[in-house]
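Have a look below at one chain only, the form predicted alone, in structure tokens format.
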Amino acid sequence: MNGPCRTYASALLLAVCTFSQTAVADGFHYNNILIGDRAAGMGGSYTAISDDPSGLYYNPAGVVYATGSNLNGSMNAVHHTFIRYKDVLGGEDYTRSSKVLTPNFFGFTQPFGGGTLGFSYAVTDAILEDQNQNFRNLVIGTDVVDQYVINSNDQDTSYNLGPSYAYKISDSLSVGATLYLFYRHRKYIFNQQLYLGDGSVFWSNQYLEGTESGVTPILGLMWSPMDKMSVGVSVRKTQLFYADFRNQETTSTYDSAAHIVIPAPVIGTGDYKRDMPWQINTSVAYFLTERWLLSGEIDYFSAVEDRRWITNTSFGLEWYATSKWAVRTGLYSNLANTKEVQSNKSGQAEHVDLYGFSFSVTHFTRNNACTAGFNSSFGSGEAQILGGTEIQDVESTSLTVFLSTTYTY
């Protein structure tokens, strides 16, 4: 195998393998999956409302204003994401696609001890990528690559599960708290084969599996300064207590002289516990009429490690067409927590600001409510997924379709 091809192949495999480390459930954004049927229809602008079981996630103080006991027993969501990195290799695009069906939320509330007791389960992030991409006839510099094959499978999901309690201090003021157990599991396989023009072949396989666990306490406050207005505030921060990641990498080479080299796999372990940001949600809701409700929200996330501080905004509108039908819609942002990509620098994380739209329809019966809806986001930005200072343009879209039922008794 000649020197230049060996050098290029090694560099390419290393660069793509380095990129693969960042291709996780979207750690570059904080607002990836909207929780709860009513809240998701209103773009997540829900901290000043929160009067059903999904309020246990947004602002537990709001559930004291729920009518009777509520059970949100079945919110299922199909979450699809698609990311395109333009002109990555030989003028061809690199794409990532994920589609996963997840039980997005479950919760119930029950009057108890002068307040309201609740319990909920929420999936805040989920990805299931199954990639198969084939690049052919690449010419980069003086190197010729007949074929470059990438196969990968990535499963990454974050769960929250725990109790809540809310108490009404007065007719206009309430407080509440939720204590979630946080658990994340990731399983990742990345396989790549590189066929060079001189008959040489490079192969690399990476396997990673890891878990994280901790707690996410949420403190909430709800205040109604007037009959038609409410103000909600909630504060949270995830604290990780345990982390365990195991990684195994194997590479092999084969040249035209039938020399095969398969070294022993490189095995690594890690227990680094990430520092998670403070999140402060502030929201105002106003009843324009008995049938129209408008809400707006600002969500602040603090800077942490190599992530910058950001504020996401959302606006929601609810309209009761009749006593049996409600329509909801919303606008929201999902800004990148990374810095903007700069020229003449290397090793930078991608930066893509996302903006979304949501819509849902709910039908009410005497004790039940059934909701169907969707939310979609899109955006463009820049990335640097191969070594060096080259910058790629990125386009990202997501679509979540959900169906939910709520029972009041």
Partner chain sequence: MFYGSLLRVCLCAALGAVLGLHALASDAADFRKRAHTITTDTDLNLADIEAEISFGRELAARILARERLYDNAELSRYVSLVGNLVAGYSSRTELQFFFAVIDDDSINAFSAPGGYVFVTRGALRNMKDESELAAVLAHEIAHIELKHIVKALKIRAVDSSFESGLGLLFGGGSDTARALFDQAVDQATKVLFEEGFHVQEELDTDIAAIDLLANSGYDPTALQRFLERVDREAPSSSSKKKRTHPTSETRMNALDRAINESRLRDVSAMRNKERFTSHERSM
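All figures in this text were calculated on a predicted structure; none of them were measured in a lab. Residue numbers count along the first chain shown, from 1.
Below, we refer to the form predicted together with the partner chain, which is not included among the displayed structures.
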property: Check all three, Thr102, Tyr159 and Glu209, heavy atom within 4.5 Å of the partner chain in the predicted complex; result: no
property: The partner chain in the predicted complex: contacting segment from 124-132, 191-199, 218-226, 146-154, heavy atom within 4.5 Å; result: 218-226
property: Heavy atom within 4.5 Å of the partner chain in the predicted complex - the one residue of Leu335, Val88, Leu293, Val284 that qualifies; result: Leu293
property: Partner-contacting position among Lys324, Arg274, Arg136, Lys237 - heavy atom within 4.5 Å of the partner chain in the predicted complex; result: Lys324
property: Lys345: touches the partner chain in the predicted complex, heavy atom cutoff 4.5 angstroms; result: no
property: Heavy atom of Glu318 within 4.5 Å of the partner chain in the predicted complex; result: yes
property: 4.5 angstroms heavy atom contact with the partner chain in the predicted complex for Asp171; result: yes
property: is_contact(Glu350, the partner chain) in the predicted complex, heavy atom dist at most 4.5 Å; result: no
property: Stretch 32-62: residues contacting the partner chain in the predicted complex, 4.5 Å heavy atom cut-off; result: Arg38, Ala48, Ile49, Asp51
